[in-house]
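Just one chain is shown here, as structure tokens, and it is the form predicted on its own.
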């Protein structure tokens, strides 16, 4: 046998060995690294993970790894092998916002997308028994007549709820005192007690506290978002353009893997996630929890996430505008 023949035979032998190993992926359980503390949002991710695991025949555990605005979770996932056994639950904060603020040295282009998972829109809510405001027009009219008199909270300052709240105030040239809270649940308690006049809430908090809340407007242009707040009107119904559209004014996640993950492994994961997201029972469970299944394909990743990055800069400018207005009162 010539040298060339021996090399060809060796290559065929390696291919024969490699073939069954790749076809067996996954051979063990998978972890999805989730960037926040346990709660309703993590439960929504677990719904998708369980369905995707059914498709693959393994368990997918959602592992809470909070810290540094989601950066810790991404760093944890990046430290793992690029073998498909570690997924990034790619929330917008660690994927787009933290790099935008200079707190992370990656961009959304440094990852390979699977499918987008869910979005959760935000809404302006007041106490259920607050008879000063029947709708968003009443709230805006009050703030125009009494600049800075009302107090509101988006939860943590600087996050997307704060961006969309500030963008709404900027679009209507109104201002209210900002009261940030490290945990949004505390803001609910204080609005219930009359310390806050209104808040920017998310569907999970609304679902738990809906008896104490009256939603004035959903800060989104996505029709499904209204359903997660009991059919409350979208902000566009009041002829208000907050300057952020589609996913930009929402919390959302896009599941990812490391850029150097083998292509056949990526294909297997994408097929399983697509099948999971198309299941009627999965979609209904997510909607019942207040999360809209988005299901954008990997081919749409660049178009959609790239646009979000640009529009979030508008939200950041709205926060700066709000700060100037409050300092000028």
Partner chain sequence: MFDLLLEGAPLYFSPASVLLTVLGIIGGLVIGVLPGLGPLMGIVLLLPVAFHLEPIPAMAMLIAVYVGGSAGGSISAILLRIPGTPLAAATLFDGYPLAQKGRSQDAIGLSITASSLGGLVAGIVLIFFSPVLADFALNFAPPEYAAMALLGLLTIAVVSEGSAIKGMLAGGLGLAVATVGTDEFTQAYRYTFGTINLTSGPNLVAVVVGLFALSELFVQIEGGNFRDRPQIQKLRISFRAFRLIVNHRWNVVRSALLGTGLGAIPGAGGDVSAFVSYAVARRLASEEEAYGEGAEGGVVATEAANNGTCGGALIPTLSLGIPGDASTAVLLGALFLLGFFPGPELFQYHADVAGGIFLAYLASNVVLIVLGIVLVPFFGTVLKVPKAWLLPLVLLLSTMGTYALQNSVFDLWVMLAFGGIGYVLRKAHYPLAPIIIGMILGPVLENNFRRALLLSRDGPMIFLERPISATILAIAAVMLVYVTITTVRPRKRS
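What you see is a predicted model, and the numbers here were worked out from it, not measured in a lab. Positions refer to the first chain, counted from 1.
Absent from the display: the form predicted in complex with the partner chain. The rest refers to it.
Relative to the partner chain in the model of the complex, residues 38, 151 and 156 are all within 4.5 Å by at least one heavy atom. Just one of 169, 247, 184, 179 comes within 4.5 Å of the partner chain in the model of the complex, counting any heavy atom, and that one is 179. Interface residue among 190, 110, 134, 224 relative to the partner chain in the model of the complex, by the heavy atom within 4.5 Å criterion: 190. Heavy atoms within 4.5 Å of the partner chain in the model of the complex belong, among the stretches 136-144, 111-119, 209-217, 250-258, to residues of 209-217.
Proximity of residue 295 to the partner chain in the model of the complex: non-hydrogen atoms within 4.5 Å are absent; the residue sits far from the partner.
Contact annotation for residue 82: none of its heavy atoms lies within 4.5 Å of the partner chain in the model of the complex. None of the heavy atoms of residue 237 is located within 4.5 Å of the partner chain in the model of the complex.
Proximity of residue 241 to the partner chain in the model of the complex: non-hydrogen atoms within 4.5 Å are absent; the residue sits far from the partner. Residues of 55-78 placing a heavy atom within 4.5 Å of the partner chain in the model of the complex, in sequence order: 66, 67, 68, 69, 71, 72, 75.
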